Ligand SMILES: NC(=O)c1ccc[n+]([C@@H]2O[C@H](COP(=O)([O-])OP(=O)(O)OC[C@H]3O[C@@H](n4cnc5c(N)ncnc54)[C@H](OP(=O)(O)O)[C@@H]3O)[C@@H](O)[C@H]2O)c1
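The chain below stands alone and is given as structure tokens, in the form predicted alone.
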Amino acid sequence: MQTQNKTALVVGANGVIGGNLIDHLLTLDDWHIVGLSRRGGVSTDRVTYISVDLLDPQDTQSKLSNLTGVTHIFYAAFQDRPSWAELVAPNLAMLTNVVDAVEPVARELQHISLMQGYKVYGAHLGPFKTPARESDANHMPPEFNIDQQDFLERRQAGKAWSWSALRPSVVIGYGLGNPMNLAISIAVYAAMSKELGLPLRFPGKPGAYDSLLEMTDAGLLARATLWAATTPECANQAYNITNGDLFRWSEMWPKIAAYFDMETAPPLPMSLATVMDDKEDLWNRMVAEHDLAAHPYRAVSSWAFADGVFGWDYDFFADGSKARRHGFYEFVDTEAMFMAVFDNLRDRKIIP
């Protein structure tokens, strides 16, 4: 049974996923929102931001133990580490600390939503079975996404609340200071290339230019996340959430270049993390010359993540039909999504 007024605890509130989820919840009248992040935020009558170190059990307990009205936890936090094995401990600890602090006091807790991704299918390790399906077998650990879901499954046993796991592809949307923001990486790379009088070259591995892949719009993901969290038939299940179409960079890249009024040139494999490392002075000059918003270079740089995406020289897509079979029918045109995000970045004066 759903309560008339619900309280969402959004963990990772300043990320692309969490921020867009909050934006969606704000369009609905029956939600109060609590946003958690290390940086905090400016609270309003609808959103209360809390700055908390989720790796510190004491700080988490102190900051969250009074959240007795929480009905839904939306977990989208992530801590990066140098290796896959090192990702497990901090990311499992943060989820555990949140649930340990909130579940005992939130008597009306209905649902915990977990944000995952295609790492569940081993997509980050190399060529994997496509289309990936929610019923596919797990791969050899370490893998924190799998450990997090195992934790929720064990914790939920015998409880009144349920869980869901959302598995998007690369999430595209507005968000600054995020280590996994492909849209800003492409836009800033294009803007800098144009500033230097260069064509827009695809910087990925040779095979990546023609591999088949998909994306997930952040707004679409927000709506799907809320759907899964408030639909009883979705209880205790995982869902791939995708735009619904497939593309190749060989088709999309010229369209992106055309948006920026640029020519293309043959792809040239290069590490953006390396070649863009010395571009802070260029960025600062562009901010001044084009009257851009005064964001530091590090806030618009996600080069290592972009390198990872552009290095997928194998097909990268999943079967999204389970969500449709269970009642979520929305889709997004990926080309239009990219152009809309670039428009948004220009409107916000992030790029020229």
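Quick note: we count residues from 1 along the sequence shown, nothing fancier. Being a predicted model, the structure only gives us computed values, none of them experimental.
Separately, the form predicted together with the named molecule exists; it is not shown, and the next lines address it.
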| query | finding |
| --- | --- |
| Listed residue (180, 257, 213, 93) with a non-hydrogen atom within 4.5 angstroms of the named molecule in the model of the complex | 180 |
| Contact residue in the model of the complex, from 297, 305, 317, 49 (heavy atom within 4.5 Å of the named molecule) | 305 |
| Non-hydrogen atom within 4.5 angstroms of the named molecule in the model of the complex for each of 22, 74 and 163 | no |
| Partner-proximal stretch of 222-230, 115-123, 247-255, 202-210 relative to the named molecule in the model of the complex, 4.5 angstroms, heavy atom | 115-123 |
| Any non-hydrogen atom of residue 38 within 4.5 angstroms of the named molecule in the model of the complex | yes |
| Partner proximity in the model of the complex: residue 26 to the named molecule, non-hydrogen atom cutoff 4.5 Å | no |
| In the model of the complex, residue 78 touching the named molecule (heavy atom, 4.5 Å) | yes |
| Proximity of residue 239 to the named molecule in the model of the complex, heavy atoms at 4.5 Å | no |
| Residues of stretch 158-181 in contact with the named molecule in the model of the complex (4.5 Å, non-hydrogen atom) | 168, 169, 170, 171, 178, 179, 180 |
